[in-house]
Each structure stands twice: as structure tokens, then as C-alpha cells.
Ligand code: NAD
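Take a look at this single chain, the form predicted on its own, given in C-alpha cells.
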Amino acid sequence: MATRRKFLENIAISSIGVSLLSNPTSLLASPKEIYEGPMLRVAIMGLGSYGTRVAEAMQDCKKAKLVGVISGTPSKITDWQSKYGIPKKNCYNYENFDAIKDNDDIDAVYVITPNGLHCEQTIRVARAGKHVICEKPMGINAEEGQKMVDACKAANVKLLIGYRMHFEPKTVHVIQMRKDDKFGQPKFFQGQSGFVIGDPTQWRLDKELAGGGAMMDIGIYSINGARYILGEDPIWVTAQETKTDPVKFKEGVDETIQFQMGFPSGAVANCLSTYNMNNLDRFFMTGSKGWMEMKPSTGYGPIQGRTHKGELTQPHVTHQTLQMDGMAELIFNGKQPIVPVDGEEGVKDMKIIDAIFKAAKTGDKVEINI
């Protein structure tokens, strides 16, 4: 038995030796990279479903950390304190959060409240001397968006908009392909963004809080997507609105809008924004030398797509994790994503939305000056 054991040990040692000879660096495998740079300390304002999604994603961030909360619901604050280890001194409500100006533990506030509250809240955060990350759309119109940009500039703080797709690997790859002329001259973009919305009493169907309906919530993805896939800004829009349920979708709350955009190069886009149809999350673009298709194109789950070069195989990482780490790099090191996420970028989308609403209402072709 001892002889057999010795024989097996010799075989094992020999196998290890062969492995080392064939791969001499195997014993030198580097440990998981440890980040030692500055940490962006973030307070989340608005502890609803998307705020929760961001909080969960931030648990995997290397460069950003959840350290505070702002909410109008005391029970949510208590729950988040317990779940995320947030100290009481970093907890605020909507009346007293101006006091964050005296809190050195918070660098930035992520505003994730209804659209109609973004402008006032962003300006208050800026005046408190904190960087602002504001969920899109940044406001209910371009005028509000510009006020937010001006307030943050005056306070010398950053204003970033929650464009998570600007950090998503497959999306970034396609944008880089366009920049590298792999598609040739982009000619046509199609964006389909929509789902059937549920609870008719929710704030997304309240004009004062949402600023509109499907266009503000989901249509903005096709607007922004057309811009980063084509690589230019539109100069005109036309639009047509369809409403089948005026009880659920009251005056000023759009149910379905089809819209078309024209670009300086001659490229055109044809898009659909709706709260009345499912299975609509698709981008398509064709150029003079190639094409791309993404479906789903903006959903939270893994993005899927292909181009004339083949399937997109970049790994899926939770979008909000990449976004928050990317924004930390932007704030601390000035590292810009492939497409901007600043307030000016948000204002451009708001100007287009304003023009789409005008075109849908008047039936006219509306010129855009971005």
C-alpha cells in the first residue's frame, strides 16, 4: 500500500511539474485587482423601485459607494439604514436636505424622483455644494433643463444625467464601430420603445409630475439612441400621436407617438414611443457599408444584438454598476464616456422632446436648433 501511495504521489508531482513547464506563470497569477483611488460617496434621493435598483447595483461598485438617503417616507429611511448600513446623520427628508452642505461625508446626490421635481431638487443640491446625478429625463422641458445646467455651473458642481446605456459594453462597442467607420455613412435608424403600463394612478401618468407620458419615460431612449448610433443631432422632427384610452391617458399624457427625425448628413430616423404595446425594445441602423440591430436595446437585462460583422458578445455587467463607477471616474479624473452624460446632453434630448410634442400637436414639421 505504501509503495502504491508513493507511486501516486510521484505521478501527481510530475503532473504539476509538466503544468508549470507548459504555463510557468501559473504560480504568479495576480490577485483580483484592488482599487485604491478616491471613492464617490453618494446619497440617493427617492427610494422607489429605481432607487432600489441603483442601490443594489452600487454594492458591486469599486469607485462609488452609497452613504446617504433622502426620502419623504420615514419607514423607507429606516429600512435602508438597516439594509445598507447608512448612519443616521446621513439621512434627510425633502424639507431638510439642504443641510447636506454641512455634511462632508456626501460628495454627490442621485436625484431619482418624479420628473416634475428634478429641477427644483437639483438646484437645491447644487446650492448645497454637492455634485448632482439626475435621472432622465432631467426635467419636464428644455427650459427646466437649462436652469439646472446654469445652477450647477454657478455652484461649480457637476451635473450628470443617468444615461446608463452610455456605459453598457455592447452599446459602447457599436458606437465605437460607427466611430471607426465600420458602418460607412449611417443612413437610417429605427427605434422602437414601449410597453403596456399598469397602475393608472401612478405618477408616470400624472402630467404635473411626469411632464408627459410614454415619451418622457421610454421614448427618450429612441431619441438618445438615434443620436449616439447615428453620431449627430437632428435638425427637424415630425410626429403623430395616437390615443385609444383618454381616461387612462389624460390631456397632456401621451399614450403613443410615432416620430421622425432628420439629420444634417441626410440620415433619417423613424421611431415609436408607446405605453400601449409590449415587445418594443429594438434599435436598427443601416449605413453605406454595414448595419446593426439590438434587441433588447435598452432593457435592464442582457442587451443582445448583431452587426454585419456578427453577434455582439461583450459581457453583461449590471448597467447601473458601470454607470456609477464611470461617473466616479468622470468626477474625480475627468474621464469622459464614449458619449457625454453631462447636463448639456440632457438639455439636447429635452429640446427634441419639446419639438416632438409641438409637432404632434400642430402637425407641422418642426425645426430644431441644438
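Keep in mind the model is a prediction, meaning the values are calculated, not measured. Sequential numbering from 1, following the sequence displayed.
Although it is not shown, the form predicted together with nicotinamide-adenine-dinucleotide (NAD) is what the next lines describe.
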So nicotinamide-adenine-dinucleotide (NAD) isn't shown here. In the predicted complex, which residue out of L205, C119, I175, I112 has a non-hydrogen atom within 4.5 Å of it?
I112
Option touching nicotinamide-adenine-dinucleotide (NAD), based on a heavy atom within 4.5 Å in the predicted complex, out of K101, K295, K76, K248:
K76
Is F332 near nicotinamide-adenine-dinucleotide (NAD)? Define near as a heavy atom within 4.5 Å, in the predicted complex.
no
When the contact criterion is heavy atoms within 4.5 Å, does D281 count as touching nicotinamide-adenine-dinucleotide (NAD) in the predicted complex?
no
Could you tell me if A55 has a non-hydrogen atom within 4.5 Å of nicotinamide-adenine-dinucleotide (NAD) in the predicted complex?
no
Using a 4.5 angstroms cut-off on non-hydrogen atoms, would L209 count as touching nicotinamide-adenine-dinucleotide (NAD) in the predicted complex?
yes
Heavy atoms within 4.5 Å of nicotinamide-adenine-dinucleotide (NAD) in the predicted complex: which stretch among 58-66, 335-343, 308-316, 40-48?
40-48
Check, residue by residue, if Y94, E135 and Y300 all come within 4.5 Å of nicotinamide-adenine-dinucleotide (NAD) in the predicted complex, counting heavy atoms only.
yes
